[in-house]
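Starting off, we have a lone chain in the form predicted on its own, written out as structure tokens.
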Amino acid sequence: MYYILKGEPTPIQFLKGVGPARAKAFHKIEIFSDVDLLFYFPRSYINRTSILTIKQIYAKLLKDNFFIQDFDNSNVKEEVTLLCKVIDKKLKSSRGNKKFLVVTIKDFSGDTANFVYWQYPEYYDKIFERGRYYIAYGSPELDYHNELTFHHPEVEKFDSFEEIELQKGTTLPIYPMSSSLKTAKINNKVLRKIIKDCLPQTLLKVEDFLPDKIILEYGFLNIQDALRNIHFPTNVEEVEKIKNKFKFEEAFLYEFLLIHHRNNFQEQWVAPIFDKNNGFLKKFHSTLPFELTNDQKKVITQIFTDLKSGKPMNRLLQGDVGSGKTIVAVFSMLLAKINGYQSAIMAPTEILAEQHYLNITNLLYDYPISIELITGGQPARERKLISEKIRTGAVDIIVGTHALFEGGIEFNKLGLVIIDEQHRFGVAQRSKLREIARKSLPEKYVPHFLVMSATPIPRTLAMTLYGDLDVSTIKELPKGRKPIVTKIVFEENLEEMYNFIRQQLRAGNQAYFVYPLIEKSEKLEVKSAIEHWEILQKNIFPEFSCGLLHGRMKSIEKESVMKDFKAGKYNILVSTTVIEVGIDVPNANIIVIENSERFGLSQLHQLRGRVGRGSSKSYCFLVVNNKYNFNKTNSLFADTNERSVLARLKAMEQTTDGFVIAEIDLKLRGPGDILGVQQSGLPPFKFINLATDGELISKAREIANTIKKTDPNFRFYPKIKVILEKFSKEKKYFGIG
């Protein structure tokens, strides 16, 4: 944690009210001492003014949720506190014979509401007693009967002690309650008492690591006052400001460690110097059949500066779908070739690798440059011949999939590694390719690294995930690229959409239909590719040819289908999301995304990028269930998730800017969902919210940079040195190794 330890921590079991059994429960949530307990912060607070009546909560819901104003507040589930009496409870069964508990409660005004527990209903049935008073805190919703409902609220019995405290104006902290704490009979009342008893002595054991100057400049409390007030605040409105102190410290240390790690890497290793330019690049530039955008020119300059420096380039190139990242990569690879080095570009799928190979080959057709393709699906004999050419240095540019680092290939002076759609590769895969490349270079040398992403990453995420990389961005689209018209289509309007698509197909265009599932599911009311491929072919578009593509097909089958679609053998391609990263089909100008509510914004945007690559006006139709059409249904009955769906889809209608969409997606879904399972680089932050704390992270990064440059030996910041040494011993702190 972010403090300097002045005294010896007391094991948690020796605190008053804990003991061996309860200590085990604390251990499960990584609380081992009294000092650890200091940093187990409340998630909310209750006081006399924060307790609402059912009428007030109901009025608040109507006011805040009747219409969706914008995407910023559409997914915020505000927690409220309610003092109530249990008047009834019933165990019920759903249609699927699943039990759930409904607890009917009444406030002091006589109004009623319901608590609903879908998980562990029998357990909660024992918790509640009819006629007993409880304090409840949770997120309210209006159900389909327009009744106020709380799903799984947290509750504790209300007794005379709480009544006296609240009457005195005391603010009571509400802590997160894990299952292990509940099992050990530790509720909020018990935990408050344990913390309150140990707080005075434990506070003396910690001190700030940041210098007083920074603490005063930002108006932060010292660590003792901050911890005291975050547990038992005299003014709840000051809590957010106190939390900012801990967020800032967490951000500062993370950024400092990134800078430290990066400096060490650059001091430890050198990279090839690409400083020769014999006029070849100028000639290549002059023969391009298109004009480079200003963004492309700027990024090429940034990359060339890195490649000439002798320091390892570690650069992220992010640009929206179709922004022209590939040509930037080609310029970089040509500079490597001029200086006598090989380049490799790795793509996540064989079909994308082949597209890169064909595009690069076409661009360099008139030049004496050898380009080869390596994929897992190649015949062994062909691959062996290519591998031998690579080993001897007869190949200048190698394009491939993960087969580049899995097939025992030996490179010959591989000086530049480019990874496309980098989020599709795990950290270990990228490291393995770097290590293989390093073996082809002199001792102490590593290759230059350029990672590319067509998934725009919000600035805060880019700073955090790729803080040890320089970031280049292409926002400007090539001239002539037409914006894609995006429309929400409710299922009741499908026939109108089909008629429009029919007209486009008759005009010689092609269409994608994307489904979330491969096969029909009995558990999910979601459309599937295989089922609807048959429906589209037989019932809706019998006069046109429909192809089918999904993830269970063999690589060779998928490639064959995509090639046939590109060649025009199919008018319609029915697919799952395997086309999210796929080859360009300029003739395809329509994409229909069924059950679009099941996709995140960034994924919808990636899918939309499959069209808009030709001269025809392009369209993206987001098909969604009629229940989301709040113009025709009573929006009082729409829950928060339903409103969030419509907000997401409306954002897609309103902008085609991938960076704007990425920011919205971050706010609505959080960073983990945006990056997906493959991207394992998210730091385990305790306090920072990547969706909202961008400004604070930027400031922390700026100060960390300044201190590292002006005082690298920590003469004026000895406490920072102490805490950094502590973290360095814990090697993979924040995931930085």
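Just count from 1 along the sequence shown to find any residue number. We call the rigid core whatever largest set of C-alpha positions still superposes within 1.5 Å between the two forms. Computed from a prediction, not measured in an experiment: that's the story for all the values here.
Not pictured, yet referred to below: the form predicted in complex with ligand ADP.
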Since exactly one of I300, L292, L181, L505 fits, which has a heavy atom within 4.5 Å of ligand ADP in the predicted bound form? L292
What is the one choice in V116, V206, V321, A403 with a heavy atom within 4.5 Å of ligand ADP in the predicted bound form? V321
So in the predicted bound form, does Q296 come within 4.5 Å of ligand ADP, heavy atom to heavy atom? yes
Indicate whether ligand ADP has at least one heavy atom within 4.5 Å of a heavy atom of T326 in the predicted bound form. yes
Would you please decide whether K475 lies within 4.5 angstroms of ligand ADP in the predicted bound form, comparing each non-hydrogen atom pair? no
Hey, in the predicted bound form, is E147 touching ligand ADP, heavy atoms inside 4.5 Å? no
Stretch in contact, per heavy atom within 4.5 angstroms of ligand ADP in the predicted bound form, of 262-270, 376-384, 549-557, 283-291: 283-291
Is there a C-alpha shift of 2 Å or more at P200 between this form and the one not shown once the rigid core is superposed? no
Rigid core superposition, H285 Cα moves 2 angstroms or more between this form and the one not shown: yes
